[in-house]
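Given as structure tokens, the chain that follows is alone and in the form predicted on its own.
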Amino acid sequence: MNNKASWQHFQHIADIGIRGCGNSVEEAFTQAAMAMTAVITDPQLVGNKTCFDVECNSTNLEFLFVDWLNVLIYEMATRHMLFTQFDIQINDGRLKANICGEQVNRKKHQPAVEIKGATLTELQVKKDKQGLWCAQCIVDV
């Protein structure tokens, strides 16, 4: 990996692994959220027409990551939206984010799957020797 923010999927037996990497924890969480959107549709097809704030809390960074993804999954399901803009701040175990996206349009977005939840399987949030943060887990589809 290089020192640029990125997201990717990785192989898992039944579900889909997502990973986000960046120069900060917030950037890694942002990239993982983009990877999650990319499981559903091409993120470039999603506009940023509606924005609102979300938050979650955990004293454990890995659990905070899973909570973050599950908050996004909840918002996708209840608001019938997809998201591609995430402005995250993490302080003392509290994540606050402004997220932006748009209503799902089946013709435009052609959603491939519905994500049911982020799991603890292969969960990691860590900083490598080059200072790059990576956050990953398996999402249940």
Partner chain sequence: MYKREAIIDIKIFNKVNDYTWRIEPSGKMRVPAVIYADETLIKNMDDKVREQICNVAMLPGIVEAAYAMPDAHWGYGFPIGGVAAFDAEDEGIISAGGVGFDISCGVRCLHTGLTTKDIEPVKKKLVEQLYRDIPSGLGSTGLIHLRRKEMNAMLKGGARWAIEQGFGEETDLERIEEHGCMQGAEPRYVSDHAIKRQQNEMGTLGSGNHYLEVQTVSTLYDEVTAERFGLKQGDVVVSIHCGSRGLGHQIGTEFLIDMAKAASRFGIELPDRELACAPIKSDLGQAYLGAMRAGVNCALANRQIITDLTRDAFAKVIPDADLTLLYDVSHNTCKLEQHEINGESRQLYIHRKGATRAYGPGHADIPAVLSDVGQPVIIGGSMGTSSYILAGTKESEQLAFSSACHGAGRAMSRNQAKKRWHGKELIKQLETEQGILVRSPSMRGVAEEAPGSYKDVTAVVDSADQSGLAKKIVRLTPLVCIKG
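Bear in mind the structure is a predicted one, so any value in this text is a computation, not a measurement. Numbering follows the first chain given and starts at 1.
This protein has a second form, the form predicted together with the partner chain, left out of what is shown; the following refers to that one.
A.B. asks: Using 4.5 Å between non-hydrogen atoms, is residue 141 touching the partner chain in the predicted complex?
C.D. replies: Yes, residue 141 lies within 4.5 Å of the partner chain in the predicted complex.
A.B. asks: Is residue 132 near the partner chain? Define near as a heavy atom within 4.5 Å, in the predicted complex.
C.D. replies: Because no heavy atom of residue 132 falls inside 4.5 Å of the partner chain in the predicted complex, the answer is no.
A.B. asks: Contact with the partner chain in the predicted complex for residue 114, defined as at least one heavy atom pair within 4.5 Å: yes or no?
C.D. replies: Yes, residue 114 is a contact residue.
A.B. asks: Taking the partner chain as it sits in the predicted complex, is residue 119 near enough to touch it, meaning that at least one heavy atom pair lies within 4.5 angstroms?
C.D. replies: Although the partner chain is absent here, residue 119 would touch it in the predicted complex, with heavy atoms inside 4.5 Å.
A.B. asks: Hey, with the partner chain in the predicted complex, do 32, 52 and 89 all fall inside the 4.5 Å heavy atom range?
C.D. replies: Per the other structure, none of 32, 52 and 89 touch the partner chain.
A.B. asks: For 29-64: residues with a non-hydrogen atom within 4.5 angstroms of the partner chain in the predicted complex?
C.D. replies: Stretch hits, in order: 38, 39, 40, 41, 42, 58, 62, 63.
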